[in-house]
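The chain that follows stands alone, in the form predicted alone, written as structure tokens.
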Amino acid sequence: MPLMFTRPKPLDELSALLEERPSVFVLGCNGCENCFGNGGVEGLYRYQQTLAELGRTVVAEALIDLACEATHDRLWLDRLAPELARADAVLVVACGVGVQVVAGLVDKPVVPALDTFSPGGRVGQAWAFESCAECGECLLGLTAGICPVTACAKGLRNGPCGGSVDGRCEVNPELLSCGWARIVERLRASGRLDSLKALIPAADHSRRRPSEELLTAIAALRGGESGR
């Protein structure tokens, strides 16, 4: 059963994230049962059409077995380095974890094609550092590929709280870096600090919940696995 569930970002959000970025490198994920129907070969084909409708040019594409695995991502990105160099942005058709891994490997704006949400509970998921809160409205296209909800101890969506000192979080300076300090530094390094002028809206918690159709599909998946 998939551990991460996704749905396509609203088209107006995707268009805004790709504003003034006419050339796009598309990277898809083939894991977690093809990102719950949004990844895989069909996902790449779908976003080829979507980008054409938005007036964008796809300079190259790659389908990664697991976008959350940096080794796989690096291999494909190295192979397609010339094409990547021509792209104004990288569109990642994967869950929020995959988007963040890719963002840590490239110096281009990275845009999530999907929103990630929780199916409820966990199935065989190993303990690890939490990088995606599965909030249903991915902000990674605005925050340099670093999730403010998980990177910030307070989950702040519009900048640091004012309590951080020298890039360390006031909650626990010895163990925690300030997530927003990391975001600002990555934006500065890529010349995108102006993106911080945009106000991120208050969280729409209704987007955390799957639709009734998806809930039915999730229930069917769980019922099928219980008999295995």
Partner chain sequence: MTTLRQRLARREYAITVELQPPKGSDVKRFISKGVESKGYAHAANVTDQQGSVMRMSSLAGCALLLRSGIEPILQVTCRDRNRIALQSDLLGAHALGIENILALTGDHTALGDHPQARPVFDLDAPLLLSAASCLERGTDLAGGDLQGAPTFFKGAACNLDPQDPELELFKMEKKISAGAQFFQSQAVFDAGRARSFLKRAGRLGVPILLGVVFLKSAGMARRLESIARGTRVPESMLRRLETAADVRRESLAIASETVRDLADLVQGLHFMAFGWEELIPEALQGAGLAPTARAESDEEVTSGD
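Note that the structure is predicted; figures quoted are calculated from it, not measured. Positions refer to the first chain, counted from 1.
Keep in mind the form predicted together with its partner chain is missing from the figure; the text below concerns it.
Heavy atoms, 4.5 Å, its partner chain in the predicted bound form: which of 22-30, 40-48, 56-64, 163-171 makes the cut? Say which one.
Selected range: 163-171.
Just to confirm, residue 90 within 4.5 Å of its partner chain in the predicted bound form by heavy atoms?
Residue 90 lies outside the contact set for its partner chain.
Would you classify residue 189 as touching its partner chain in the predicted bound form, given a 4.5 Å non-hydrogen atom cut-off?
The answer is no: residue 189 has no heavy atom within 4.5 Å of its partner chain.
Spell out, yes or no, whether the shortest heavy atom distance between residue 200 and its partner chain in the predicted bound form is within 4.5 Å.
Judged by the heavy-atom cut-off of 4.5 Å, residue 200 is in contact with its partner chain in the predicted bound form.
Does the 4.5 Å heavy atom contact test between residue 105 and its partner chain in the predicted bound form come out positive?
No, residue 105 sits far enough from its partner chain in the predicted bound form that none of its heavy atoms falls within 4.5 Å.
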